[in-house]
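One chain comes next, on its own, written as structure tokens: the form predicted on its own.
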């Protein structure tokens, strides 16, 4: 038998999808030499950027060239152009579906339908889409197990910085009874700028100017993004069954420059802390601004950087620090998950 060639279908060609394809374009030979990973990207489905299917494999460099020149891939020179996302999920020609559409934390759609359909049709699924995992992880995991395929979603918590794989695989065998983290780069950036003397309003404007915050920053500054990530950590790492409604949530909009200065005077920093605790087999989660001592592992995590501290029985506290967003960074999480599927399923 020859070496397996993994056939990949990509749903969504925004920042994350493009970041993933850029990595493929630059590392094809390395991926084979290092991991014996052979693949063909055979389909992309995106209602705005364009869709294309070619069983012989798409040219990643050509796709990136078109995105840079034209902003879409509608003039890709060959292949079938009218493929839609559900066809990608159901196609017998595809082994791994990569789902990177925008997150909707209220309904999980359209990602939730895509992931369900792909799993039902026996596809491995890799996603960075937080909504479906926060809303329906137990159901999706059961479905993947029933079909004998893998559902992986490293990029949903800290982008490319390993958090789920670290806790579930690299630390297999430990008991984790608490997780604390800075899981939203926008709010951490704002609090850092406030330490430098900016008001909350000025720091938010600077975050928007640099692209860290959206025009409507509610998801970040009111703690919704961090709360979704807390739900994923609670349910996936600690075996909880909580929803976003169960998370005690408070954002940073009421933090003043005076609060930040007063904390520093007292040897503390204000950070938006996501916390998940397991006690007596019950899991609870919270997101709120807290004063933490400068000696705390998370105190010196500044700017848009993210971090998580896992409190374990065998190792004590284990902290990982790294980028929590970015198209190539999240593309790296997608690649990590695909290589794990290759490692475990080949």
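In this text, the rigid core denotes the largest set of C-alpha atoms whose superposition between the two forms falls within 1.5 Å. Residue numbers count along the first chain shown, from 1. As the structure is a prediction and not an experimental result, all values here were calculated from the model.
Beyond the structure shown, there is the form predicted in complex with a small molecule, which is absent from this document and is the topic of what follows.
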Discussion item. Only one of 232, 176, 213, 191 gets a heavy atom within 4.5 Å of the small molecule in the predicted bound form. Which one?
Written reply: 213
Worksheet, complete the sentence: Partner-free chain; cross-checking the small molecule in the predicted bound form, the single residue of 129, 163, 186, 85 with a heavy atom within 4.5 Å is 186
Item to complete: Sort through 143 to 151, 205 to 213, 109 to 117, 85 to 93 and report the only stretch with a non-hydrogen atom within 4.5 Å of the small molecule in the predicted bound form.
Response: 205 to 213
Item to complete: Mark residue 325 yes when one of its heavy atoms lies within 4.5 Å of a heavy atom of the small molecule in the predicted bound form, and no otherwise.
Response: yes
Item to complete: Look up in the predicted bound form whether residue 99 has a non-hydrogen atom within 4.5 angstroms of the small molecule, and give yes or no.
Response: no
Discussion item. Once you overlay the rigid core, does the Cα of residue 207 travel 2 Å or further between the shown form and the other one?
Written reply: yes
Worksheet item: Would you say residue 115 moves between the shown form and the other one, meaning its CA shifts by 2 Å or more once the core is fitted?
Response: no
Item to complete: Answer yes if the CA of residue 189 moves 2 Å or more between the shown form and the other one after aligning the rigid core, and no otherwise.
Response: yes
